[in-house]
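Presented as structure tokens, the chain that follows is alone, the form predicted alone.
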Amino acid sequence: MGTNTAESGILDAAKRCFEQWGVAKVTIDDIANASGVSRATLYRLFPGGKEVLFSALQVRELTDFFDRLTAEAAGVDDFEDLVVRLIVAATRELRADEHLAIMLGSEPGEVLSQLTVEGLPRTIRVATQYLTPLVRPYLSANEAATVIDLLVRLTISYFLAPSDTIDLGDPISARQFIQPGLAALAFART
């Protein structure tokens, strides 16, 4: 759903409320008050209430994330450089996301579920939609989907459980880490 100004304002207010009180404790009244709209308006724009609104916020945040990520990859014309830039940019985005940090601190179970079990399929779908045009010049459609799936899972995994030896936010470390996998992929394609 494209967001209009009222929807955007409600999503912004919901984000602030979720950060302040956590998803479980926030009510529709809290969000309506914070956004300056009536409950009726909120339900008209987000039929289904808090769950639909929370889902819309997640979609908006994910879309914004991949907009920034694809902008970071603009102008790259080498597959290895593209993969490194995507991994590094995604890792840095995740680390710098204040909302994510607040939510991890206040509701780690909900956030972990959204990053792994419940939300991972959505994240992979959005990543595939955004990143396939960048990867397709180098790989077949099936290979592109597989590589994107792997990159999403890898980046989230290393974000949630950082390594003492691999820093995916550092271009040199990220490149050293992915080179064997890319070499295996290239070998398998020949």
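This structure is a prediction, so every number in the text was calculated from the model and none was measured. Throughout, we count residues from 1 along the sequence that is shown.
Note that the form predicted together with the DNA isn't included here; everything after this is about it.
Novice: Would P162 count as touching the DNA in the predicted bound form under a 4.5 Å heavy atom rule?
Specialist: P162: no contact with the DNA in the predicted bound form.
Novice: Considering non-hydrogen atoms and a 4.5 Å limit, does the DNA approach R125 in the predicted bound form?
Specialist: Result no; R125 lies far from the DNA in the predicted bound form.
Novice: Is V152 near the DNA? Define near as a heavy atom within 4.5 Å, in the predicted bound form.
Specialist: Contact with the DNA, no.
Novice: Given that the partner is absent here, does I28 sit within 4.5 Å of the DNA in the predicted bound form, heavy atoms only?
Specialist: Within the cut-off, so yes.
Novice: Would you say all of A40, R44 and G49 touch the DNA in the predicted bound form, counting a heavy atom within 4.5 Å as a touch?
Specialist: Every listed residue reaches the DNA in the predicted bound form, so yes.
Novice: Sort through 28-36, 117-125, 137-145, 60-68 and report the only stretch with a non-hydrogen atom within 4.5 Å of the DNA in the predicted bound form.
Specialist: Of the options, only 28-36 has residues within 4.5 Å of the partner.
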